[in-house]
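In structure tokens, the next block holds one chain alone, the form predicted on its own.
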Amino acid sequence: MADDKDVLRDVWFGRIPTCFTLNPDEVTEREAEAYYLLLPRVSYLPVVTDKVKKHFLKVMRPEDVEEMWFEYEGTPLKWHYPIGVLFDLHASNTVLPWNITVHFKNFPDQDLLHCPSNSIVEAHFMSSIKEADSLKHKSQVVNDMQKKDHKQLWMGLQNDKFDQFWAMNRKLMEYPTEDGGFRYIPFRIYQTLSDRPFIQKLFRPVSPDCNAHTLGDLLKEMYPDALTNDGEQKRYQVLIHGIEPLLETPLQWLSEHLSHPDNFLHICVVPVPTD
């Protein structure tokens, strides 16, 4: 893959200043102060919120504590989405810090999956990596890895170790030069104004006549409403890691450099804010 390590580092070390406050309906023995944290965009809420839990448990009785879950302005936050995706989808146009409400009661079963331990997050993460590799290399790379290699990917993410993670992940980003890219690009397109969780279909990085497909080509086929026609006012922002890449950017380059650790390119289409 193209050696553009600065981009990979910038993506990995992206942080969101966040303020966690306890839901006022929770029963506490004394007032719970807010807790501030810089959340890594590429991680998952259960992996990085141990400190949040410990902070609020200090003011609560054990019998009042059930499974912890998070909500932003009435929307329960799906822990199996990367943190950066949750922010871009629900809060990208708000003033920082991101204000998240913490709950220990009334778990919303209809909206969220239960997550009793980080082993559940690890299983979800590895399943995404395997799915991505089946799209990119017919699973050949991930199947050639040993169990300790899989563990190295997870531990790299869990412990925020960029070099440990990328020493293994770079294998998942390689392809034969003559192919011009992966077999298919692992991507998911999320919309705030949709009932379906995301769009995910087969899409090649190179056209039949050997031209590199771009982000614009992908949107044109998968979600044309996201594009602005000539003379129209812009209606949507297309965000990857909180930035709006140029629509002319080759999809293969984006997949190699702006994919999340799960090896998917997570693309959020959100309405342009109205002042």
Partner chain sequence: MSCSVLDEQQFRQGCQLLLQRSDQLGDGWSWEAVQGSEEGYLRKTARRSVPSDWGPLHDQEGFSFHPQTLCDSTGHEKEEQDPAASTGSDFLSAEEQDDGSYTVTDSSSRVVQYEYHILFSCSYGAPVLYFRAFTLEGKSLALEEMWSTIHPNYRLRLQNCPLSAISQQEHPLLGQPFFFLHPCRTEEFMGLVLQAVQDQGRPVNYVLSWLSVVGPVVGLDVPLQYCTPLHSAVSLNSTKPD
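What you are looking at is a predicted structure, and each value in this text was computed from that prediction instead of being measured. Residue numbers count along the first chain shown, from 1.
Below: the form predicted together with its partner chain, not depicted.
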| item | value |
| --- | --- |
| Proximity of E131 to its partner chain in the predicted bound form, heavy atoms at 4.5 Å | yes |
| Proximity of R196 to its partner chain in the predicted bound form, heavy atoms at 4.5 Å | yes |
| Contact label in the predicted bound form: E174 to its partner chain, heavy atom within 4.5 Å | no |
| Partner contact for N93 in the predicted bound form: its partner chain, 4.5 angstroms, heavy atom | no |
| Check all three, L86, K220 and R235, heavy atom within 4.5 Å of its partner chain in the predicted bound form | no |
| Interface stretch in the predicted bound form with its partner chain - options 98-106, 68-76, 160-168, 134-142, non-hydrogen atom within 4.5 Å | 134-142 |
| Heavy atom contacts to its partner chain in the predicted bound form at 4.5 Å, residues of 78-94 in sequence order | K78, H80, Y81 |
